[in-house]
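Just one chain follows, in the form predicted on its own, and it is written as structure tokens.
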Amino acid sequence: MAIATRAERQTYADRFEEELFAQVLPFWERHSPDRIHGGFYNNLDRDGSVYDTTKHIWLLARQVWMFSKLYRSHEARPVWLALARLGMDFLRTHAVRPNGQVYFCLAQDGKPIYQQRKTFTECFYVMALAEYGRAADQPGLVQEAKSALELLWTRSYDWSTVGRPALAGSPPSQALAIPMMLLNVLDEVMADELKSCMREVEDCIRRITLHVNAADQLVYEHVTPEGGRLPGPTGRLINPGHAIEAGWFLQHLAQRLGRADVSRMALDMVRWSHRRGWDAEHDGLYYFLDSEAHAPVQLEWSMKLWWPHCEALYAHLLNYAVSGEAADWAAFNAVEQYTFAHFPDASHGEWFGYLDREGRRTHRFKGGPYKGCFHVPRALWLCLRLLKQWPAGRPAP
């Protein structure tokens, strides 16, 4: 297998830059701002028209984070900071309850519709608060985000505190989504002060490790609190996209902290999840799989979604930057070819989100309750940043 040439890397950098700044971001800049009530519309049809005025707060927070990050880390474009401010003002006015919980969705004018009994919306709100505070030079907001971490940490591991008690018939379990999300929040919010919360960082790494089974070369989505197998379909569930995303979260931490052991585990998580999750017949990554080849109970298991491919795009490129191994470059190429052949919309910009197993589009909208201005621009920006940092040899991530 061949390794990457300088010309190939430049071709990819040009492609990602064009896609991000000419096709993806302009779609959200044009169609999502609500100039009357504030915030963003996230339910956008193929052409950007609003088909539902419900505002999903975890997506609004992600969009604030995205524009703040680009403003601070790519280029200080006033339009990006203005958009981030539009979203942040709406969030601070309407989204946060007195007890610190954040509504899952609001009406167009900010009236609450639904409160989710999880903590993921709070995670993205805290990330948005910290990144916007840094971009807007408002250190008080950054400090507010740091202060919210303690409450978020406690509630994330005990959902009875947010109205979701553990019932007697449900075996004790741990979901991969929680420690991987908290690790990312810690990394984003604490930034240069990360070493001040190493106890929490190490706890996240420990909990993620419980999901990684070297004997099976699999990353299980749910395990017991001790890392054992759970019975039934829950214990056999594999979510390739989640495992791949958790892998690059870990790799970022491994490189920052100089942890070779964590780096090796992160490399394996991405590689194993891609190998098991790739559809050998039709290409693309499955959404869910059963580790013992039973029929997954999730009816959408065989669909190909935008976000696992976005995560894999960056994770494989990062793997190659760390390892220099041709197999990682080949995996990146395979994901890039499938992704750009199926998801981008050359007519209206942005990407479609949902395909059937054979790669046929099942939904035409660009934004919905679970798809917003986040996975696509984040992946393109991360890949572009890594490629631009690449010297004559391999980069230091």
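Fair warning: this is a prediction, and the values are worked out from it, not measured in the lab. Residues carry their position along the shown sequence, with the first being 1.
Below: the form predicted in complex with another copy of the chain, not depicted.
Not one of 21, 241 and 339 places a heavy atom within 4.5 Å of another copy of the chain in the predicted complex. Contact annotation: another copy of the chain lies within 4.5 Å of heavy atoms from the stretch 352-360 in the predicted complex, the single such stretch among 329-337, 61-69, 32-40, 352-360. The closest heavy atom approach of residue 305 to another copy of the chain in the predicted complex falls within 4.5 Å. Looking at residue 232, you'd find a heavy atom of it within 4.5 angstroms of another copy of the chain in the predicted complex. When another copy of the chain is considered in the predicted complex, residue 344 lies well away from it, no heavy atom lying within 4.5 Å. Contact check for residue 168: a heavy atom falls within 4.5 Å of another copy of the chain in the predicted complex. Though another copy of the chain is absent from this view, in the predicted complex it lies within 4.5 Å of a heavy atom of just one residue from 75, 300, 193, 202, which is 300. Of the candidates 80, 287, 90, 220, 287 is the one whose heavy atoms come within 4.5 Å of another copy of the chain in the predicted complex; the others do not. Contacts with another copy of the chain in the predicted complex, taken as any heavy atom within 4.5 Å, map within 281-298 to 287, 293, 294, 295, 296, 297, 298.
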